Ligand SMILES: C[S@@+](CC[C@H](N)C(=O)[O-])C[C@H]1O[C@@H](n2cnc3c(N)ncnc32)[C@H](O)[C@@H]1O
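Next up: a single chain in structure tokens, the form predicted alone.
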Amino acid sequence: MSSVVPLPCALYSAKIPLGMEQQEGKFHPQFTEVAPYYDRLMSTVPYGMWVDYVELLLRLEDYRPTRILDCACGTGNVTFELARRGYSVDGTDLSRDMLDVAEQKREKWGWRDVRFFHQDLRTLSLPPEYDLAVCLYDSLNYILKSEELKSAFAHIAQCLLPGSLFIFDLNSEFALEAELFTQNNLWRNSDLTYDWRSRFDPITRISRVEMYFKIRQPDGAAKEFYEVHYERAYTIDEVKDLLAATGWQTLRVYDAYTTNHPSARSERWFFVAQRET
């Protein structure tokens, strides 16, 4: 596993709670400036292993999908990995900047059958032609209000055939409270350096992560930019209730990348839910 906590691919222009507004003139919106450098930043993340794990969960359910919707797909790393394994797959994301990178890779690699849609999961509208949805990289933590997460679950359900599965992950409150996003690579001799500083509010259960980046350009000049990211902690029971209210049955919840039940120190959970028939 990479020592870098994977950045989610989703960009949610969610309304930030009062008192947590971005600092004007300093921070860019999340997943805008970083988009052209995202794949370099995540170059050691084992996307193939992530898809291996998704396929393991599918085998445990004795379920073989054919048409997959990759929600919050970002630059398409998991989308293309699924396509390489023979699935028919489309991706959707709210970040136009991230999708631009995904579309450039699609043209370069010749994946003409892979489609990308510029949509928000909270208002997602696609034909009900998929038999599996995935949403990885703790992207759903970026939805900061329960009613908006409920809306995302409802709209994803509308894009799937009855009986289809939905596999997604979430960072746990333990992970956000432990401020695992506080990290840097300043000790490395790299042309891309980062310094991330997180702060968790136990009242709102929202983690604010200030991300500082420096890119060494080919001419030797340095480019610096900053983004601020927010993630909300949900409990397993809260998520189950929101799923149940939007036509989903929760089949399993796992401690991430294992087949174990979650524990109090689980950093990430994986949910397997099924759309009601």
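Since we're looking at a predicted model, the values are computed, not measured. Just count from 1 along the sequence shown to find any residue number.
Just so you know, the form predicted together with this ligand exists too; it's not on screen, but the next bit is about it.
> Which is the contacting stretch out of 73-81, 197-205, 172-180, 125-133, given heavy atoms within 4.5 Å of this ligand in the predicted bound form?
Flagged stretch: 73-81.
> Contact check in the predicted bound form: Y38, D120 and Y142 versus this ligand, with a cutoff of 4.5 Å between any heavy atoms. Do all three pass?
Checking in the predicted bound form: Y38, D120 and Y142 are all within 4.5 Å of this ligand.
> Contact between M98 and this ligand in the predicted bound form at 4.5 Å, heavy atoms?
So M98 counts as contacting this ligand.
> Taking heavy atoms only, is F166 within 4.5 angstroms of this ligand in the predicted bound form?
No, F166 sits far enough from this ligand in the predicted bound form that none of its heavy atoms falls within 4.5 Å.
> Does any heavy atom of Y234 come within 4.5 Å of a heavy atom of this ligand in the predicted bound form?
Y234: no, not in contact with this ligand in the predicted bound form.
> Evaluate L149 for contact with this ligand in the predicted bound form, applying a 4.5 angstroms cut-off between non-hydrogen atoms, and reply yes or no.
Answer no; every heavy atom of L149 is more than 4.5 Å from this ligand in the predicted bound form.
> L94, V114, A102, C159: which sits within 4.5 Å of this ligand in the predicted bound form by any heavy atom?
Going through each option in turn, the one that passes is L94.
> Using a 4.5 Å heavy atom cutoff, which residues in 36-71 contact this ligand in the predicted bound form? It's fine if the answer is none.
Heavy-atom contacts within 4.5 Å come from Y38, Y47, W50.
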